[in-house]
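First, one chain by itself: the form predicted on its own, in structure tokens.
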Amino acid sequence: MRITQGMITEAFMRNLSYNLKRLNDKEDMLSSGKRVRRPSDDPVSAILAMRLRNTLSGIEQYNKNVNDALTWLKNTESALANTGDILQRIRELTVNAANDTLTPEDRQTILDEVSQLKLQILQEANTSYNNRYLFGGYATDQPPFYIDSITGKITANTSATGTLKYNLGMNNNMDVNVLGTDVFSDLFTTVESIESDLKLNDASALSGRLTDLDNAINIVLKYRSQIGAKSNRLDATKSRLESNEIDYTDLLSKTEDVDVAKTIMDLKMDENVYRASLAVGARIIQPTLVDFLR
């Protein structure tokens, strides 16, 4: 086959373009820090990287859910702890009021304090977090308990039902809310009965309320115990998610990130090849008539 000058020039331009492309690819890798920038660079690694990114995105959301659930439980636990302390104080007052030696005026003084403590329990029962009532079930935008301004009686919101779940992972959900009616309804009934007994100056009836108070205190303790167990589970879940995030991030980096040292060496090599190509090109390009006439 006869080799023409045009064929030599065409082959040179093809090789020069290829060498320039390789050089450009190395520069892109170093400037972006990514070995896989497009699916065509490495289809298998690109698919794996996309799956890892989806997994990491899910872990990030699960972590947010865990932190939100932990905050919810901490606020709930604080409200119940305060309620337990208040109930203990009401019990002390009730024991004192059941003493036959007290006068009606003494019991009126105790009544005033018990009434104020009841209002404080109402505040705890209507505790909110991030504009959501903790004990309101699905009705997080409504107070779970109301007080009648005339009678002073406390009633439960009938809409305060339902269980709030947090998604903590694949097939991993947790109920985080405690229904106010389960904790506070009988409690308010007991405290209001004590108020009535104090108004009636009935020492014997007051003595009988101690059992109901103990039951209310035990209910509060039961839910505090459940919240503690759930908090421990959430802490363990959070540790696992953080560990998974580190592992998957490392795997993603190995899948798509560039090996800087190796790529710099490849870049220098491609630079040398490209410069050599240009030097060769200067020799094989056919001289012009002007070059012969010099």
Partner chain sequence: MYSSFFGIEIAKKALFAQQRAQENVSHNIANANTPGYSRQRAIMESTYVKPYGGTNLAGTGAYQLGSGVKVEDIARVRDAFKDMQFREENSGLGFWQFQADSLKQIEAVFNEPSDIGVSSVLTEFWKSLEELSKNPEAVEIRETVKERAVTLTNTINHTANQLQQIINDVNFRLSIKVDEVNNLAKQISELNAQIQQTEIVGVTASDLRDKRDLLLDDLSKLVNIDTYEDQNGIFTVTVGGAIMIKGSDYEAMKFDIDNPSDGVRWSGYNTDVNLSKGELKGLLELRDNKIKVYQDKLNSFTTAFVSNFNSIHKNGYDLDGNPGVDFFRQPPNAGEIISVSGDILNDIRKIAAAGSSTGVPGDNENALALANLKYDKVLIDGQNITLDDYYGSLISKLGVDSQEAQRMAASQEVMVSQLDEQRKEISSVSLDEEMAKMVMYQHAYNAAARMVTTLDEMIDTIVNRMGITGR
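Just so we're on the same page, rigid core means the largest C-alpha set that superposes within 1.5 Å between forms. Model, not experiment: these values are computed from the prediction. Positions refer to the first chain, counted from 1.
Although it is not shown, the form predicted together with its partner chain is what the next lines describe.
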| query | finding |
| --- | --- |
| 4.5 Å heavy atom contact, A46 and its partner chain in the predicted bound form | yes |
| Contact of L213 with its partner chain in the predicted bound form (heavy atom, 4.5 Å) | no |
| N65: touches its partner chain in the predicted bound form, heavy atom cutoff 4.5 angstroms | yes |
| K262, heavy atom within 4.5 angstroms of its partner chain in the predicted bound form | no |
| Contact stretch among 133-141, 196-204, 106-114, 93-101 - heavy atom within 4.5 Å of its partner chain in the predicted bound form | 133-141 |
| Sole residue of M269, M50, A229, I246 within 4.5 Å of its partner chain in the predicted bound form, by heavy atom | M50 |
| Among the candidates S32, S225, S253, Q61, the residue which, in the predicted bound form, approaches its partner chain to within 4.5 Å (heavy atoms) | Q61 |
| Heavy atom within 4.5 Å of its partner chain in the predicted bound form - qualifying residues of 141-168 | D141, S159, T163, L164, K165, Y166, N167 |
| Is_shifted D28 between this form and the one not shown (CA, 2 Å cut-off, rigid core) | yes |
